[in-house]
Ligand SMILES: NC(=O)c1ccc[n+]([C@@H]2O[C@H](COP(=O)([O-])OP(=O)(O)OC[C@H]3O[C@@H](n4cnc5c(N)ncnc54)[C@H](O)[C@@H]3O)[C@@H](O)[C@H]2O)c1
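Before any questions on binding or motion, here is one chain by itself as structure tokens, the form predicted on its own.
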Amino acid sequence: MVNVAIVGAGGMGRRHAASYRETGEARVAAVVDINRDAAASLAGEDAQVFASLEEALEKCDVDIVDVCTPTPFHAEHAVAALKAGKHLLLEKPMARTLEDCDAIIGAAEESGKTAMVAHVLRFFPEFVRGKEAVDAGLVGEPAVVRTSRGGGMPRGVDSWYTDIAQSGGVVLDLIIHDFDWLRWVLGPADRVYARGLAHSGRKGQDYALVTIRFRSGAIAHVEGTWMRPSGFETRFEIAGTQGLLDFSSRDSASLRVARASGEERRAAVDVPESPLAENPYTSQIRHFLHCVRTGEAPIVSLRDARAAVEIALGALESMKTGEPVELRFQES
């Protein structure tokens, strides 16, 4: 049984803590938050409460630090944990700047500890099946991909999500999920072009439409919104040379593959998929604990997470300049 320190007692910190407990493989030994009441509520009777990570590392014996703080604090807490010789699970996005991403990567390489960024979309069954379908050639060569994700504006301490300088808005905080998943499915990206409200100065409203060109030649259109009053929704479709893969969280038959039938490609066959599994956050943490225990590389590398941040920051720059942005540091 490994001991975990949760840094950040907000909604994601509570979700991670519940997932550790659900695995039966880890114990939440410490909760860190400047809001002592929030930390105490999450800690219950099982964990110690601390106002700073430094204090927790000094006074509590933990093996893993799980960082669920607002994005601007990710690098500070991640680097401190790694320098203290702890394994690291870090909520997405990896950091607010590429320089901070590089600092985290450097600290991880120096420490030799397991470090993973929590791009949980890789553990959602429909998105896993989507990648598997593409890898199996069910739609042929992917050509055009469309994704959409969003709901209402999230809440956070001091409404930090509404401050683009801190959160990066819908691009860096929300559709970075899709950026990572698309790279997982399609490979490295070369160029990004975007339009949106990030630099409009509208508090409490954000929308983005991002076009990404991949090295494979595929094009993706990624939509993200915090202006959907009807509730959270996500969907994707992948059009390839031999068919269409279609998913919507609002559909009862959630994942469908429409394949061209015969050489004339006139008819199509729907193959519904509704996979059932444990909570994806728990699956993610179970995978991370497996990597800690065995030394295997996590499914999400730190360089994967950095590449997703690069796409997001490129999109924000494109919105500001009105020009496409070349992506320089994508890796296969």
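So that there is no doubt, residue numbering starts at 1 and follows the sequence shown. Being a predicted model, the structure only gives us computed values, none of them experimental.
Not pictured, yet referred to below: the form predicted in complex with the named molecule.
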Contact at 73, 160 and 173 by the named molecule in the predicted bound form, all three, heavy atom at most 4.5 Å: yes
Could you tell me which stretch in 217 to 225, 81 to 89, 201 to 209, 112 to 120 has residues with non-hydrogen atoms within 4.5 Å of the named molecule in the predicted bound form? 112 to 120
Going by heavy atom distances of 4.5 angstroms or less, which of 279, 35, 301, 41 would be at the interface with the named molecule in the predicted bound form? 35
Does the named molecule come within 4.5 Å of any heavy atom of residue 324 in the predicted bound form? no
State yes or no: in the predicted bound form, is some non-hydrogen atom of residue 309 no more than 4.5 angstroms from a non-hydrogen atom of the named molecule? no
Does residue 7 reach the named molecule in the predicted bound form, with heavy atoms at most 4.5 Å apart? yes
I'd like to know if residue 183 sits close to the named molecule in the predicted bound form, meaning any non-hydrogen atom pair within 4.5 angstroms. no
